[in-house]
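Single chain ahead, by itself, as C-alpha cells, in the form predicted on its own.
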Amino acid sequence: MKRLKSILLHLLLVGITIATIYPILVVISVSLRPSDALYSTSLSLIPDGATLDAFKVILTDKPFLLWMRNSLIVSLSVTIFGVALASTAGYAFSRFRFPGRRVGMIALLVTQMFPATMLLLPLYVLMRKLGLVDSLLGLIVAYTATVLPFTVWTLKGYYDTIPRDLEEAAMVDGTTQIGAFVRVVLPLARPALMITSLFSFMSGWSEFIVARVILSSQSLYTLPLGLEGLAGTFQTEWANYSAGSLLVCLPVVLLFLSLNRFLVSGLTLGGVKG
C-alpha cells in the first residue's frame, strides 16, 4: 500500500511537471516555425523545416536590443536602490524602537493588499507633478517604491534572526553601530540580500502595466512593452513574439541559476515575528 502511494505520488508529480513544461516547449516550437507554417495545428515540438529566422529578425530587424538596454537600466537601478534602501530601513525596524515604528510596519504591510491597478492613477499624477512621465527615471522611482514594502519586511525578518550579541561584541572592539551593521550584519544577511535583489530585478524586468502608463516614447520601451507591440490588431508576429519571449527569459534563468544556492535559505525569510 505504501509503495502504491509512492508510485501514485510520483506519477502526479511527473504529470504536473509535464503540464508545466509543455507550454514552454510549444513556445520554442512556434519560434522555430517557418513563416508559412505559423498557424499550423501540429503538436510536433520540432516543426518541419525548423529555422532560426525568427531569432535573426527579432535581433536585427526589430529594436530588441534597445528594449533590452532600457530594461537592464531600469531593472539594475531598481535592484541597487531597492536593496540599499530596504537593507537600511529593515535594519532600523529590526534593531531600534522609535515612535511610529509599529504603525510604519503595518502601513508597509497594508500597501501590499492593494492591486497595482488601484495605484496607477495616483502614481501617474505624482509622476506628472514631478516631471517624470515618459522617462526611465520615473519608471525607476515607481518600481522602487512598489518593491520597498516587501523587501523591507523580508530583510527586517532576517535581521531579527541575527543575534544582537555579535554587533555588541563588534562595538566593544571599537567599531560604531554603522560599522557593526556593515561589517557584521550585512555579510550574515547575504542570503536575504540576494533574494531581495532577485525580487527587485524581476519586478523591474517583467512589469508591464505601470510601464504602459508612464512611458509613451517608443525609444524608451522596455522589453514587455516592445514585445506587446508585436501583437498587432489584425496580425500577430507569432514566431518573432515567441523568439523574443525566449530571449527575455534567458537573463532571468541565468540569474536564478547563479543565485540557486540562496533560494533554499531564502524560502523562510521574513518568517520571524516582529
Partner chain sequence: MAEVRLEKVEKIYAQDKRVLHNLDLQVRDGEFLVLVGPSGCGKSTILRIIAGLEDVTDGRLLIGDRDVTSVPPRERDIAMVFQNYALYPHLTAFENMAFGLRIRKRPKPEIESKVREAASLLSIEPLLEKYPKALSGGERQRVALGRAIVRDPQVFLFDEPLSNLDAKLRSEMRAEITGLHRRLGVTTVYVTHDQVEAMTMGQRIVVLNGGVIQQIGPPLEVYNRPANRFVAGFIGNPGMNFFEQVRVGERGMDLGGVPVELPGSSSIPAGEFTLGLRPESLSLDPESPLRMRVDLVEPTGGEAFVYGQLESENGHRVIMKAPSDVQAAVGDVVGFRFDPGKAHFFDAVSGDRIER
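Positions refer to the first chain, counted from 1. Worth saying up front: this structure is predicted, and the values here are computed from it rather than measured.
Just so you know, the form predicted in complex with its partner chain exists too; it's not on screen, but the next bit is about it.
Proximity to its partner chain in the model of the complex, taken as heavy atoms within 4.5 Å, picks out 185-193 from the listed stretches 74-82, 185-193, 134-142, 114-122. Proximity to its partner chain in the model of the complex, defined as a heavy atom within 4.5 Å, singles out one entry of V103, A169, L130, V110, which is A169. Mapping the unseen interface onto this chain, T176 counts among the residues with a heavy atom inside 4.5 Å of its partner chain in the model of the complex.
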